[in-house]
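There is one chain below, alone, in C-alpha cells, taken in the form predicted alone.
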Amino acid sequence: MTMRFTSEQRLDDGVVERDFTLGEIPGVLWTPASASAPAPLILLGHPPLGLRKMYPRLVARARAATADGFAAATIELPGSGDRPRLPAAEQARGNLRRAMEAGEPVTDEIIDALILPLVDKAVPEWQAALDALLSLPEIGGPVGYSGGVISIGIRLAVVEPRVVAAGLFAGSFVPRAMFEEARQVTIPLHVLLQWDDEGNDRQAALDLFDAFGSEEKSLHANMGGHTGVPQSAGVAAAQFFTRHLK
C-alpha cells in the first residue's frame, strides 16, 4: 500500500501534523517539533467513531506523546468515517443497541459479529501503516500501541513483532475467542480500567487481564465511568511507554 501525504500543518506547540492516505485509508501522523534522531512511534488506537469525531482526543494524546519525544500516528478503522460501511457490523451494532435499551444481556453472537470482523480487517491495515511509517527517515521505532478497541490491541500484540509494548483500555466488549489470544501476548502491558464503566463488564475485564501471558503487566483501575479517566492515568501511561520505547 502506498502512503501519500495530503496536508501538513505546524500546531502551536511546534508539533508537525500531517494527514496521509494509505491506499484508500485516511490517517494522521504527528512528529515532535525538534527531533535530532529518528523517533520511537506510538500507534494511537481509537473507537470506531471516525477520525473526525475523535480528532480532539487524538490530537491531545498525540501532543502528549510528542512532548515525550515520540512520533504518534493513527488510521481510520474499517467501516468508520468516510470508509465503506461493514453491513454485518452495522447490523450487530443495531442488535447491541436494542439489547442494551431493552436491558437484555448482550449475547456472545452479537459481540463476535461486532468485534471479530473489525479485528480481522483492521490489524493487517495497522501493519501496512507500520511498514509505511517505519520507512520514513524521521521514525525509527521501537513501536508501542495505545488505547482503542482492546481486541485490536490484543491481536496486534500477538502477530506484530515490531510492537514491543501496549497500553490497553479495558472499555469495550471482548469476544471469547480473544481470551485465548490474550494468553499468547508476551509483551509488557499497561491496562487501564474505569471501575464504574457503565458499558463495560468489569469482571470480564479482570478475567482478560488474568489471561494475558505477559510477565510484565499492570492493571490501573480508577473510580468513575468510561469518560472519567483522571489526568494522572495519562501520566502513568506516558511513563510506561518511556520505559519501554526509549
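The model shown is predicted, which means the values in this text are computed figures rather than measured ones. Sequential numbering from 1, following the sequence displayed.
Not pictured, yet referred to below: the form predicted together with another copy of the chain.
Picking from 196-204, 179-187, 30-38, 59-67 the stretch near another copy of the chain in the predicted complex, with a 4.5 Å limit on heavy atoms, gives 196-204. In the predicted complex, residue 235 approaches another copy of the chain with a heavy atom inside 4.5 Å. Contact between residue 239 and another copy of the chain in the predicted complex is found at the 4.5 Å heavy atom cutoff.
Although the partner is absent here, residue 21 is not a contact residue: none of its heavy atoms lies within 4.5 angstroms of another copy of the chain in the predicted complex. Taking the partner from elsewhere, residue 243 is found to have a heavy atom lying within 4.5 Å of another copy of the chain in the predicted complex.
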